[in-house]
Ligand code: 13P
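Read the single chain below, which is given as structure tokens and is the form predicted on its own.
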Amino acid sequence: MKSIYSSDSVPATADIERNKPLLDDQQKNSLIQDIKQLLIEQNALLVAHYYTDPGLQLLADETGGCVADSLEMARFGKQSSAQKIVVAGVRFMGETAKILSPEKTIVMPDLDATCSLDMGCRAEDFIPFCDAHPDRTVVVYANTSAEVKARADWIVTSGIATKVITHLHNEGKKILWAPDRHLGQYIQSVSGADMLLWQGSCIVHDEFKAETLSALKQKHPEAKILVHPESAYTVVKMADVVGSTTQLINAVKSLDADTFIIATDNRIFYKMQQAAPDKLLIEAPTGGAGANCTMCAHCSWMAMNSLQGILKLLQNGGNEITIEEDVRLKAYQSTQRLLDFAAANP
């Protein structure tokens, strides 16, 4: 269960941002208009993750696409009449879209945009691990490859994972969980389930530290702390709300508080500010003892998505997501099991 990425294999967000050509407003507007026209001409739809650049999120909203988590992006694309889906996110998100919409063309601005959870849970390592524990029900987080999903009994998102694991636990089942150990530990603490945890982690959420979060809370004692469960359990225990990207956005809107400390990727602030424009959002620190601020609360792979990249993709083609059909069908079964469960357990 070794991680197969290192600090050398992770593109630095700051370097990516510096290498993007600087655009003035006229150039940016021209680029956006070109993209909008090509989306129409190609019967294409743009779906963007909450952690992508705010400009991409705005463009998705303005062109009839969506900004959402990975599964909702895929479901939105499936329900659309568009024949081409442009996925602004990381590779497993494009694969999830293809799993649900095999008849559509799924493309991405950069196929090298990946995820540390996906990279740290290769199918060639994971499948033998599952085979060594045949008594356990295999549940994997959405942040995994199509091949890993194909080996799983269930796919879950962070928003519904606890509900699914509790359901399986009540049926007397033991769980093999992958890949995020922090999310797994959190679910285990809530559900009481017997869970064997794969030792993966998110390079962004791993950087939030309890010590520095506590110090920030002392400066803002009135603030509510919102934490994504991919963070370490010491951070999760400090939270007023623990939840998925969508759940955290809803919390900012619904909670009776004016100030929030947010421990997740900082690009989520775009949708949070739309949901609650009058509230103060404070970025949780990623510095302090034991931290390595290479990520600084933003995923470098997400930063590989850009307006320039989308225009180039639509002009030149390529970057299509493909999945072997036998793998896709198996992954579809485990994903559909989640969708059926969610529909029956709103």
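All values reported here derive from a predicted model rather than from experimental measurement. Residue numbers here begin at 1 and follow the sequence given.
The following text describes the form predicted together with the named molecule, which does not appear among the structures shown.
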{"item": "Proximity to the named molecule in the model of the complex, single hit among Ser191, Ser244, Ser80, Thr212 (heavy atom within 4.5 Å)", "value": "Ser244"}
{"item": "One residue of Phe76, Phe92, Trp154, Trp198 in contact with the named molecule, assessed in the model of the complex (non-hydrogen atom, 4.5 angstroms)", "value": "Phe92"}
{"item": "Partner-proximal stretch of 94 to 102, 224 to 232, 165 to 173, 145 to 153 relative to the named molecule in the model of the complex, 4.5 angstroms, heavy atom", "value": "224 to 232"}
{"item": "Proximity of Asp53 to the named molecule in the model of the complex, heavy atoms at 4.5 Å", "value": "no"}
{"item": "4.5 Å heavy atom contact, Tyr141 to the named molecule in the model of the complex", "value": "yes"}
{"item": "4.5 Å heavy atom contact, Gln57 and the named molecule in the model of the complex", "value": "no"}
{"item": "Contact of Asn305 with the named molecule in the model of the complex (heavy atom, 4.5 Å)", "value": "no"}
{"item": "Within 4.5 Å of the named molecule in the model of the complex: residues from 321 to 346 (heavy atom criterion)", "value": "none"}
